[in-house]
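A single chain comes next, written as structure tokens; it is the form predicted alone.
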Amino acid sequence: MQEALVISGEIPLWLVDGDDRIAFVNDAAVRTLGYDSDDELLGRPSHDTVHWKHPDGSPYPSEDCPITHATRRGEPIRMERDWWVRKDGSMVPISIHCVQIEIDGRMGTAMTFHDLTASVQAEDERRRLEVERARLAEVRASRTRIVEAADEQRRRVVRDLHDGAQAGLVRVVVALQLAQGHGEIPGEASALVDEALADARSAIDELRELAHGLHPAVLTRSGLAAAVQSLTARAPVPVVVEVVDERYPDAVELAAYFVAAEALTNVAKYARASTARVTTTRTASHLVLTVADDGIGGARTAAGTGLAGLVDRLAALDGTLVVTSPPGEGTHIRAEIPLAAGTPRPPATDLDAQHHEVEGLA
């Protein structure tokens, strides 16, 4: 079959005589090397015509050429990848097979070769895609590490607030309550104690709100469903919650919670809505959370907005956030979060137990 293709001119054929001069080229070889006719090639030194430089442009002396050496020794040679020089100086990747042949009473060489341009381009594209995928994976991993580090920092701040300022205020509240219980405080001093007790309780409430915004204890303690319920309890409009009471990896729960929190904050501040709805569904690979309202619409994910920050957070987990908010038709936010994102949810800590104790005392 290959001999027939060579004879028909479908496979490039190149004959070199004993002096390394081109004795014959078929039409396929002429086309592959970018020449107009075989007249431009016949009689020319083979190596100095098509093999005189490397792909990087550096010279390729004939004494370094394995084809030349094999030709001189009369040995067959097969090369899976080599580069020949076209008429215009560009390089063409080829595979080549050389065998000994008698030409004009002397031993020369017959060479058949194949243009590998398409396969080389495909290989280069595959390598480029592999590099791009590796870079993308590293970017995603880096963004995930940044998000997880920020979440851990928030948890650390919350612990510091609970263990430090809030615990100190609770001790003040307990001391003031004990003082009140003795009933021996003069009238003016009693009023000051009452005021100090009210201020301390107010400060504890403010700290709780601050800690809740940083990292809600109810999320770690009871999960996403309870955390969303706590958000809706403070919402200025009725919110229907259809969130399955199920636990997910910590990064997934946090991302879903922040989407719900930001969306409900926007409902309260901007939407002029009369109702809202928060729902979750679980697919084989994703947690899907949606928040919809019947407000005025017009929500955007422009840079600097809270929704833009959510887009970045979800992207770091290889998730997506889609906001549909035509003017006058309400807003629909859909977050898809891979269930494999982040790390497994950590167990509840002593901090959660302390939070309950503080709530009871204050």
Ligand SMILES: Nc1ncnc2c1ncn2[C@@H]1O[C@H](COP(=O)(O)OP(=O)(O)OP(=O)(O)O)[C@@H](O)[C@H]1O
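For clarity, a rigid core is taken as the largest C-alpha set superposing within 1.5 Å between two forms. Quantities reported herein were computed from a predicted structural model and do not represent experimental measurements. One-based numbering along the sequence shown.
What comes next is about the form predicted together with the ligand, which is not displayed.
- Residues of just one listed stretch (264-272, 86-94, 193-201, 248-256) have heavy atoms within 4.5 Å of the ligand in the predicted complex: 264-272.
- Proximity of residue 304 to the ligand in the predicted complex: non-hydrogen atoms within 4.5 Å are present.
- For the chain shown alone, residue 296 is a contact residue for the ligand in the predicted complex, at least one non-hydrogen atom being within 4.5 angstroms.
- Looking at residue 46, you'd find every heavy atom of it more than 4.5 angstroms from the ligand in the predicted complex.
- Using a 4.5 angstroms threshold between heavy atoms, residue 42 stays clear of the ligand in the predicted complex.
- For a residue to qualify, one of its non-hydrogen atoms must sit within 4.5 Å of the ligand in the predicted complex; all three of 300, 308 and 331 qualify.
- Fitting the two forms on the rigid core leaves the C-alpha of residue 275 displaced by at least 2 angstroms between this form and the one not shown.
- When the rigid core is held fixed, the Cα atom of residue 298 travels 2 angstroms or more between this form and the one not shown.
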